[in-house]
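Just one chain is shown here, as structure tokens, and it is the form predicted alone.
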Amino acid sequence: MSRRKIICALDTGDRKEAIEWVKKLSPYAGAFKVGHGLTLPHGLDIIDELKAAGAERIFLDLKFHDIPNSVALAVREAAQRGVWMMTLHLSGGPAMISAAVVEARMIPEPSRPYLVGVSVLTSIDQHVLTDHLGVERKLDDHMMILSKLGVDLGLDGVVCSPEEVTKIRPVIGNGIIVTPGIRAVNADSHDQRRFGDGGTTLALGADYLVIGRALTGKIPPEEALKSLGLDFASA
């Protein structure tokens, strides 16, 4: 199991804590996920600080969702910070997705960031999707339709939970699958509704695993990865 398949989620708003996690976990994770918790209080300058602390790649998970011009501008600004991958909401529609793709493709290789689409958050189940959000499709069908839309329009891949990997893979072909919701079999699910262990998820066809509290907690990294079904010793 290669460390490059592991994305450690820096789920904190504390700059010092995030930097400490990077220093501790960079031998075990090939990328680090940065979200609103760090960017809102510290701005995008936090990306440079994390890179200086040892973060090889930054996964900027801000889930852009706005009018096409605004999302294109967001992609441009994020790309200028040298992020490796970023997310956007597929429910923003074809024009928004296309604007993001056009902006990303203006950046020459190898600096061009990956764009991955989010269809249904892993905290949402069928009840919430239908009864609260008014989406009549089955959750799996909704994810597959939106995922195909995104990849057909030029996205590099999608985000999906462990439960949907085998269903999404045929729909997006060789596109990237990024999978959050990674938990040990007997672990607390926290706010995730759709989750699974790491070893099984990779075997099913995921390319990258996003691991947060299971890896940043007090358990030694090797033990944490083992509890997730990941054999780091074989990396």
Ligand code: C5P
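The shown structure was predicted, so the numbers you read here are calculated from the model rather than taken from an experiment. Note that residue numbering follows the sequence shown and begins at 1.
Although it is not shown, the form predicted in complex with this ligand is what the next lines describe.
- The closest non-hydrogen atom of P180 lies within 4.5 Å of this ligand in the predicted complex.
- For A18, no non-hydrogen atom is located within 4.5 Å of this ligand in the predicted complex, even though that partner is not displayed.
- Within this chain, L225 is remote from the site of this ligand in the predicted complex, having no heavy atom within 4.5 Å.
- By the criterion of a heavy atom within 4.5 Å, L38 is excluded from the residues contacting this ligand in the predicted complex.
- The stretch that touches this ligand in the predicted complex, counting heavy atoms within 4.5 Å, is 114 to 122, out of 131 to 139, 91 to 99, 114 to 122, 68 to 76.
- Contacts to this ligand in the predicted complex (heavy atom within 4.5 Å) from stretch 145 to 171: V159 only.
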